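Given next, in structure tokens, is a single chain: the form predicted alone.
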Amino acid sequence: MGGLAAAVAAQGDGARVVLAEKAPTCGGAFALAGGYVWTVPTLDLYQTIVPQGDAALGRMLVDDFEEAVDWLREQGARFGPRREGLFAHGVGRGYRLEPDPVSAGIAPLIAAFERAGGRLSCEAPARQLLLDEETGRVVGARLGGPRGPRTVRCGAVVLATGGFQGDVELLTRYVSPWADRLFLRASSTSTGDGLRMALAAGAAGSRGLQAFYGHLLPAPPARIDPATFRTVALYYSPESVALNLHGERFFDESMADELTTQALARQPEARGFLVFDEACYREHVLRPHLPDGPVHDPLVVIPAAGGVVLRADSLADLAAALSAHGVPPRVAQATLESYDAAIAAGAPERLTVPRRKRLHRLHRPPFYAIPVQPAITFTHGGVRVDTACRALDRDGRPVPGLYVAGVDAGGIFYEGYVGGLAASLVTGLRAGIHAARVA
């Protein structure tokens, strides 16, 4: 989304554009997304959900959103009706690309780009930025690929390589010592190329390099692939009780699934369990994740994917079943029973890890536990940018000729999240337009 939007927008401002794509086909994480282009309607809501985010970038996202969606429509993108109450605590609003992101979003943008004379080169990963020796200005890039190395010289470069969630070394450095246990719920080509090239050219990293967006998926032996990303994702973790391998709660899981996912990524072996009772299963787990989405029964889809669902008629028996997965049964039983007692007494603040909302008891058998592992969709940290999407150095000065779009642009999200496609669209438009004017 970020690279395509930047390329088409730059052409609209009169630039000649080469779009270099690392993968054999264009699309990246955009092609794997659920298709909702959404965000929150006000800066106050943005700051409530992403309190550590860059307020100026948050205002850019909120203010530019509707105009950016209109621009996408002008390029031929096809949307369903506007929807309210999406994601992010039920306060998001936006539109779904219909019938899917590839045919309704990616294909129209590629067609618009090529109609205007743009050159799309697939299997052409950028390896290095070219700098003017005297001024330090970015004046092009060296590309690799099966056709051999080549050099593209230009007036400005926009980086939109999709983050570093596909690179275990960077994830281990910034995100978690257990990064090699994370499922990759995204394109495998996003390996931090943009961040590395920007840092080598003098740009600074943003805040929030340890944060990411993702969801919980069934732990091995479950078989996870792009076809099952949304089918088996445990979006209902805020309604459940989350335990680590020690049998302890480690986070207020009622806050948001993406926040519990980040917290679990730093627990031992990045492995945990979601626990719920029959009442929660009936009333919350079997609800659709989206207003127009299907229901995926975990008792059916997780075993079908090779995953495990534990079931027991008492919390003591469930704790005993967890012992086969390395969890101390007495600790797990004590954790679950004390949790239920606190909720029954209306005193969740007395828990070792207090729970703020979704105060569901664990009292109606049968009880369920699902072994889970974090999955990462995209990283929140990246290159430090301003609202013109210019890359900034460590002193806050622009790196001449270098712009950043999509999730390579760090600072919009920081643990909290309010719409990845929307942020990539808005940053892509700004980066493309400003880069074209400079070029």
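Just count from 1 along the sequence shown to find any residue number. Note that this is a predicted model, so its numbers are computed, not measured.
Omitted here: the form predicted in complex with a small molecule. The next part is about that form.
When the small molecule is considered in the predicted complex, Thr261 lies well away from it, no heavy atom lying within 4.5 Å. Proximity of Ala126 to the small molecule in the predicted complex: non-hydrogen atoms within 4.5 Å are present.
When contacts are judged by a 4.5 Å heavy atom cut-off, Leu318 does not count as touching the small molecule in the predicted complex. Taking the partner from the other structure, the small molecule in the predicted complex has no heavy atom within 4.5 Å of any heavy atom of Pro41. Across the options 198 to 206, 130 to 138, 228 to 236, 299 to 307, residues that bring heavy atoms within 4.5 Å of the small molecule in the predicted complex belong to 228 to 236. The partner is absent here; in the predicted complex, the one residue of Leu392, Val62, Ala33, Val69 having a heavy atom within 4.5 Å of the small molecule is Ala33.
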